[in-house]
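Quick heads-up: the structure tokens below are two forms of one chain, split into structure 1 and structure 2.
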Structure 1
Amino acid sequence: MRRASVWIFLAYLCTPSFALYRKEIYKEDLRIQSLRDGQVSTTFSFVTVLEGAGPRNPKALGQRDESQHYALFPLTLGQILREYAITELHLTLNAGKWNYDNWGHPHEAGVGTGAELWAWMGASEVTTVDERWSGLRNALSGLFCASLGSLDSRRTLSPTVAFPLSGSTPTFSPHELRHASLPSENVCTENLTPFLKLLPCKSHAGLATLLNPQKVFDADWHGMGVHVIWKEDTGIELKLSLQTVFNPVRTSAGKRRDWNLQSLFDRSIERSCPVASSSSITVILPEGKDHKITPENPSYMDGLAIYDLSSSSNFTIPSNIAMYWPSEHSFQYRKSLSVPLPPLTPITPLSVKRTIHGTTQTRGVLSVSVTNNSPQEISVGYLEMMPALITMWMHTLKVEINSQIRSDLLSELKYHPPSPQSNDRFSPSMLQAVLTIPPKTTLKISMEVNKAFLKYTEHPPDAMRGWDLPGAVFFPLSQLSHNTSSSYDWERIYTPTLLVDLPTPDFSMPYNVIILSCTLMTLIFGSIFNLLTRKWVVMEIQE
């Protein structure tokens, strides 16, 4: 009787209808696009869907959580999401400057330089959102070997309009946003290794075998992202993305823009990932018919060449997908030509330039130029998030077109000044507004800023280098019915980071004082020591 009960219990646990069992789907895709300046953009997407799952109710954080069973979904990340009741999470680590004018909008919008983390969490009386935000930062910092723990209250804001929920909104409690960025964060191999460990096949099979650290971090631009979204009709979706921009013209001996998987990654796909329901490589075909692509048996659809790498397909693995231009001896970009030509029209509808200039270390002027390249008017959101190092003076804000004041083109201006925090710290300031830019026009925004005078103990070790300021963010206003920019398929535009020179003390003076003091002490001590220890002896010199 006892033996029969044990077998029944084991059969109940192994039955697929067990309450803790959920269906999981894993898909992977690689998109390759040749850019007009000769570079090649690659985007890896690894998507894991946990069907029927939902975020944890933050009101139940004081109670014991129900058991979770993961087969493909990464356990380490799932535990963090359940521990802090995260509804939506976005983390990006990027290195370099994304060139919107020549590369267009990226497949993943989060291309801001450095580290960027933002999460939506439900309010709870058990633990506050700020307490869970602190725990989330520290947990992700240890998981990805990044300096996310320094994204404290000095860098945290809640720009809900620029970073809305991408998925569904749970009804169990109102939600709050926490956003922080660290533009000085570097991306290296120690971030890629834990990233690959979150994949079901790691880097042993599938598209992830192409991720060679030596090639990835040699690219002109590279970045990785972790996105967790909850959709009511689907479940929890985890998307791991990695984007790179290679320059085959720089690495090839003949200055050609030809590329293949072996030349880009120095690796090939030996076998497909067995648990992937779909695995494909999508090549975005350039304009014109002077290019060739091999193998010559892809599936063509809307200017795309798709290769199916799943185990159920007839595609031969390994295979080296390549694109080349047989009639092109060497690639000549407009900048490298001896005869200057007019500049190319930017690909994106908006072009943004942002600078900070001034003649002193205490004051300066922040200038932002936004050019509308389209033939129609565009309304766009503008967001500035500045640390307390910089103070923006709103009464000096100017909006100009052709040196003429146009204050009517700026509306819905909101400014949150820095507020004092614990330990004599200040929260960052936030400026948010709506800009209306006429067609084929450049709008210029400028305002005076003050630079903080820090204590000598608050400066970093490389104080003379300066401080990195996060880039500004431009976002579409799709929720407005009269917005003409909603026809463009883009999410956000990040400007490059700025390097500001703050009032810096002469850190070489303590060094000089130490050197002088040590020299004087050596001379005095040496002289006294000789007088006290030297023995005077009268010597007779025989002639």
Structure 2
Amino acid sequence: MRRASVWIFLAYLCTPSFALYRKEIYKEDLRIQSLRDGQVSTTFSFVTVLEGAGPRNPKALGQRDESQHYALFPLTLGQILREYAITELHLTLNAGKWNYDNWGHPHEAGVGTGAELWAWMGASEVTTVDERWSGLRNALSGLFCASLGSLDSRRTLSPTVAFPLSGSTPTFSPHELRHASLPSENVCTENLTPFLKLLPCKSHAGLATLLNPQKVFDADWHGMGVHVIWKEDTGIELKLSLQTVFNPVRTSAGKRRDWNLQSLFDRSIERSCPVASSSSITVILPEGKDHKITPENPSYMDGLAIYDLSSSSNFTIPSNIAMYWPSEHSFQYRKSLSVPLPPLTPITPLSVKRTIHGTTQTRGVLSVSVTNNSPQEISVGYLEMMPALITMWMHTLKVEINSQIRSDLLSELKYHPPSPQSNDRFSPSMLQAVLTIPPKTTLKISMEVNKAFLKYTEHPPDAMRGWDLPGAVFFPLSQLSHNTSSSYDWERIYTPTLLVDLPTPDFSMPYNVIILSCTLMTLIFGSIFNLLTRKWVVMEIQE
């Protein structure tokens, strides 16, 4: 086994350099954090940097592309990026609801439930951005075995303010954003397998050996992400991330929050990935001194315990990394003497909730409540992307604090109603606003909504389940336009998704409806024309 890694290493050194040889760097990292409610969040990030490379100019799409040779960068993904001239790509597949109050901000900001795909592409006359977006969706759905092909014009929008370009902007053409999300997408092993195939060492060596699908998909929250960013000084960076939140209290026998890699993943790292320039496990140490961590010789830095696993270091691979609380018998979250205590103040300064009230199937009230937990006023952007089957009545939009109308706290309201696309579909409606929330208050936004009556053919096969609505997004305002007093750095907050119940027609009735309605119309038509065209006579009726 060690010989195989030596061969891989030699092959890497002997790669011929006459092709378009770019230096590729691969780093992998695992962050483990014990959260305050006893759960454990693990974030894998596998970063491959293609140095000196840049995105393809979309104006040159008609011509033959220069040949690309990758050693560590995945070829399948690279081909897709070149084929559709994508500058920046973000794809996340998540399952579960991220609990911002107890878990804080995630290391990767894209935690919206289901599938979320957004890409920045340059405009070109050769092929339109929409055509490339459609090709990208289908290519990625084939690559990741996810039904991303259904993220069509009914779910696509361009919210450029909330989802700006994270990297540098190329100068060759003006860039456009396409964003779509599918909250009802399920994530499973079929998505993890192609994800692991994009790594240089796959799941044989390095940190990726820990990714046991049975354990990962059993977690309370799990999500994987593919992020491609172009940074002008470094090159194209591909980050594959996988975040999970495990619950050792639930799975352990004695209701303890102790964790170790074996109990979390049921796997151990046999050998490190030889092509990784750095490979480490970082444990974010919790507050307090009553925890213990083994093995006991990591490098400590700033509240973090780092275990370096790369093959270039002299470190022997630890068989198991464990954290335990020796003095604690069993973990009680906010319970003392079996009396529940009030919940702690949320970790994040903003807590959000979103619901649709209403008992009828035709209309409801969409209500979003934002709580400012910090002692300073916060200005935040609010983005709502609602599929066309829910009509938001903007003239009923209300902003309240404690049932008192405060319209001054909502500013810069922008609303794009659903716009008709080809084949009689409508794009989602987009509502964007800036909310100013005073300290320690709860702001409530409410508006009436209408639920649509869809055609027989538009309902999915499980029509009684309802339709998933993507979550609203709260995003920080850029420092230039607004002076936000928030001192922490966060990208986005996603509200949970909603499930709406739409009124359904009777699916067994097409033939019956046609014959009944046509019979009625024919009866009336026939009677009238009968009356109009006949002659009147006086008839004698013999008694």
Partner chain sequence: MNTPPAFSFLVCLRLLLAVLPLPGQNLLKHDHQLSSPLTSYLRLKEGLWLLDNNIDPYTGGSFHHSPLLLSLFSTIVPPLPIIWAISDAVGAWALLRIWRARQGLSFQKGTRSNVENLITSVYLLNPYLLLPSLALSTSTFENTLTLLALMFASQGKVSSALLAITFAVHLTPSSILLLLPIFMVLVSSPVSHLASPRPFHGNLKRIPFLFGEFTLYWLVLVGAACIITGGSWSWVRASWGATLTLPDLTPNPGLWWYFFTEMFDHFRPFFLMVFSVHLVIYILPICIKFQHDPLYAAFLLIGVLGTFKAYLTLADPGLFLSMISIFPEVHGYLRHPIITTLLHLHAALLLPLQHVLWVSEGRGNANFYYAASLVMGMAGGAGLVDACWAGMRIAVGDAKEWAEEKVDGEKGEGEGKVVWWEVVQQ
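In this text, the rigid core denotes the largest set of C-alpha atoms whose superposition between the two forms falls within 1.5 Å. All residue numbers here follow the sequence of structure 1, with the first residue given the number 1. All values derive from a computational prediction rather than experimental measurement.
**Q.** Of structures 1 and 2, the one that is the form predicted in complex with its partner chain
**A.** The form predicted in complex with its partner chain is shown as structure 2.
Q: Determine whether the C-alpha of G54 shifts by 2 Å or more between structures 1 and 2 once the rigid core is superposed.
A: No, shifts by less than 2 Å.
(Q) Rigid core superposed, CA of S508 - does it shift 2 Å or more between structures 1 and 2? (A) Yes, S508 moves 2 Å or more.
(Q) Superposing on the rigid core, is the Cα displacement of C518 between structures 1 and 2 2 Å or more? (A) Yes; C518 is a residue whose C-alpha shifts (by 2 Å or more) between structures 1 and 2 when the cores are overlaid.
Q.
After superposing on the rigid core, how much does the Cα of F529 shift between structures 1 and 2, in Å?
A. Here F529 registers a C-alpha shift of 43.4 Å.
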